[in-house]
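Here's a solo chain for you in structure tokens, the form predicted on its own.
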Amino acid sequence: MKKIVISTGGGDAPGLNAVIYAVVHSCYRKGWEVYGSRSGYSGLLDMDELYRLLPVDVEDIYSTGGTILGSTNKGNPFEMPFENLAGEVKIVDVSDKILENFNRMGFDCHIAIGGDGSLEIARRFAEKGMPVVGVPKTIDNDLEATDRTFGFDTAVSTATEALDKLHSTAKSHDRVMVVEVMGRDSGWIALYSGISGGADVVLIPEIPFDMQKVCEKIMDNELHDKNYSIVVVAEGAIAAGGEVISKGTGEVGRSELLLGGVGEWVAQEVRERTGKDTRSLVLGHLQRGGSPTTFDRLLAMRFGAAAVRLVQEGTFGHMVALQSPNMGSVSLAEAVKSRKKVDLNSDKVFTAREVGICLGD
């Protein structure tokens, strides 16, 4: 009998519960025990946050959003912020304590579900000797080592539905609607939803944009008796010669910028340059919420079952990966080596251009 611990880290994504469901049921059928670690590694740091998972505990969760284990963006055990009695915040490394608790509990493997940040932490634990299997999770679909990550399809569906609704209100008021979607370094959500949702302009991080080109497209609509426009912009998109727009560096112990604000900046530029009534909307965490689509639900379950197969094979230090049409695996080092960018020579980019969408260049 094996004893497994499972955790979910980083931003939440539709399909996390479906992975947990598949892992618990797959392990149960093998006679293995499964424990859940709350809020990332908290359960391996504070044993009160660690609890047994049985099939009855995960009944029907495959269709619900979020994660029953909870998640956190501030749970890096190698750089954990702690506040002392004097109110001073210090960054400490608690990874040895977590590894000690992992071994003391007699766990055979840790199944870590997360994006590039969480999987990098898992890789570091693997280097310290913890048997780890990774499961890729990010709505941005920006992990190079897997054809698709769960959560992406649901996020795109949410964004597309929002665009569909914005067409009617934009048309009613002859407005330009600028919609900011997630996408730090990769413009997959913006591109997929922009094409599917009939956007006039799609701005992605892979193509520095020229505001003059954007405004020319909007005014060209006017010449063709279309008095409104829909602009989709990824949060990490930047103007040519400009810098990424952010809200600062966020929490103590995290140097990564908190992106946000480019949608309003683009709206302001459009307003000043064209004189058009222009409004901006940030979809934000709407893209992370809700029930997963059928595609994401099935993909998440496939990932969960494949992770258990890797545990059975003793293939540790690896991440399960969709290598269409089958499930495969890659080393965690390979999984976090690079992020998947939109290929500017891809059919999807060609399609956007050929149907008249301006990409800002």
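Quick note: we count residues from 1 along the sequence shown, nothing fancier. These numbers come from a predicted model, not from an experiment.
There is another form of this protein, the form predicted in complex with ligand F6P, and it is not shown here; the text below is about that form.
Comparing 217-225, 261-269, 282-290, 118-126 against ligand F6P in the model of the complex, the single stretch with non-hydrogen atoms within 4.5 angstroms of it is 282-290. Ligand F6P in the model of the complex is not approached by V176, whose heavy atoms all lie more than 4.5 angstroms from it. In the model of the complex, ligand F6P lies farther than 4.5 Å from every heavy atom of T149. For the chain shown alone, I98 is not a contact residue for ligand F6P in the model of the complex, no non-hydrogen atom being within 4.5 angstroms. Contact annotation for G187: none of its heavy atoms lies within 4.5 Å of ligand F6P in the model of the complex.
Put simply, of S246, N73, S157, T274 only one has a heavy atom within 4.5 Å of ligand F6P in the model of the complex, and it is N73. Of the candidates M182, M130, A145, I230, M182 is the one whose heavy atoms come within 4.5 Å of ligand F6P in the model of the complex; the others do not. Contact annotation for 115-144: residues with any non-hydrogen atom within 4.5 angstroms of ligand F6P in the model of the complex are T138, I139, D140, listed in sequence order.
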